[in-house]
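The chain below stands alone and is given in structure tokens; this is the form predicted alone.
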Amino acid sequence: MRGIRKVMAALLGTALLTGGAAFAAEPIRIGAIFSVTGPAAFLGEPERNTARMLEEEINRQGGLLGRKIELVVYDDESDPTKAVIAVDRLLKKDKVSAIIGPSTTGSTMAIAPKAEEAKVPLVSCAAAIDIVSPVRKFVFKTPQSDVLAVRQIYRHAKKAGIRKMAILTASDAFGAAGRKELKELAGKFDMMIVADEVFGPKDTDMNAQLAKIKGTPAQAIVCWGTNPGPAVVARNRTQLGIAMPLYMSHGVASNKFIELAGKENAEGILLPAGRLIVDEQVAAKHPQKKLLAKYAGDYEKRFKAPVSSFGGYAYDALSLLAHAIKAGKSAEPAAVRDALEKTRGFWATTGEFTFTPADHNGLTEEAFVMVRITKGGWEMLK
């Protein structure tokens, strides 16, 4: 027993010495741009919280390459123009090794050329496939792409005997990308789009669009957007007495949507989502189970709020960068990019990431499960 104690003491001493050396060295700076305030704050706030929590965890464990990491976070206030100002600061003033975020597709598309020109890796937390298609050398992303979400929805609808679909999409970058995929993939799943309506992301009344849909032979509706628009659609659907199934995108996969829509109006809504939102229902043998339970437990204990898919996107972005820095044994931007692109079979909260020169999202449809909102909560469908 005494021998074991001596060994443990020696290991602890070594760990402390290693940690001391890490904090004495120049930190590795990683930039972050999130929509912490503004309409997309339900995305950015959990992302900022998560990134800070993971930064502290990495530093407690001795940092990376014997150096502390320093996260430099800017709030773009849900405004792509402010995201551009933030990325200029990160690249020119803060001299970061890599950047995670932004939270939205619009902000990501606005800053991606800047990251590309500066040759600094950007790991976005936004969903549209346009971010990584065509592939940009220095741009990656963690959320499942809209094309994967559309396939999940159409596959579920087809199995339910639905063939005539109405689509209702936001006019912002995320909504436009979803609309494009919904239209392009409809034929492959024997779907006929019988109504194609659009709403502004700040609109507060979608009765007109839903009334038009009600007058068509549509058997179901797909709404594509992020809060608050989809919540308005859910409320207006109830007001108009529309009973046909309503599908949403993964852009509403958080408790905030249920809160905004109202529990009774959200009842029965279907959507593809990552397993994080239903972590307690994931099988014990699933490769993500342990990680999901730890992240959800740590987040909810610290922030006294339920975990969301969006915080998971930031968790994955920073985890992937940390993995790449360790694997490449360098924090130089070019080396980080190269190591990131060589990442294979990396399990995170969203799924299993395998990046290649042709795929900078690295996920498959397996990263999604279909869920249904039931009694104000999330039910994973089999």
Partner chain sequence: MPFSSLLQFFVSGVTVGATYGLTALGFTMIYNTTGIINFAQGEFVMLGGMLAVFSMTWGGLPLPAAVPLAVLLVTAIGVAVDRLTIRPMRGRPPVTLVIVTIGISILLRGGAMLVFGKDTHSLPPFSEGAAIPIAGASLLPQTLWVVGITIAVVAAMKMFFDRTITGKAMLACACDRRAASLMGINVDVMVTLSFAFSALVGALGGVILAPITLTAYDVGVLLGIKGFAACILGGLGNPFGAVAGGLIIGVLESMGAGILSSGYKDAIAFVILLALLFLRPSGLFGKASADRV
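The shown structure was predicted, so the numbers you read here are calculated from the model rather than taken from an experiment. Positions refer to the first chain, counted from 1.
Missing here is the form predicted together with its partner chain; even so, the following discussion is about that form.
Taking non-hydrogen atoms only, N207 approaches its partner chain to within 4.5 angstroms in the model of the complex.
Using a 4.5 angstroms threshold between heavy atoms, E116 stays clear of its partner chain in the model of the complex. Residue contact with its partner chain in the model of the complex: V194 places no heavy atom within 4.5 Å of it. Proximity of A305 to its partner chain in the model of the complex: non-hydrogen atoms within 4.5 Å are absent; the residue sits far from the partner. Between its partner chain and the residues E267, D298, D203, E77, the one pair within 4.5 Å by heavy atoms in the model of the complex involves D203. Taking a 4.5 Å heavy atom cutoff to its partner chain in the model of the complex, the contact residue among K183, K212, K289, K137 is K212. Only one segment in the set 79 to 87, 212 to 220, 308 to 316, 125 to 133 has residues whose heavy atoms sit within 4.5 Å of its partner chain in the model of the complex; it is 212 to 220. Not one of A253, Q281 and L363 comes within 4.5 Å of its partner chain in the model of the complex, counting any heavy atom.
Shown here without its partner chain, the chain has only E45 in 43 to 70 lying with a heavy atom within 4.5 Å of that partner in the model of the complex.
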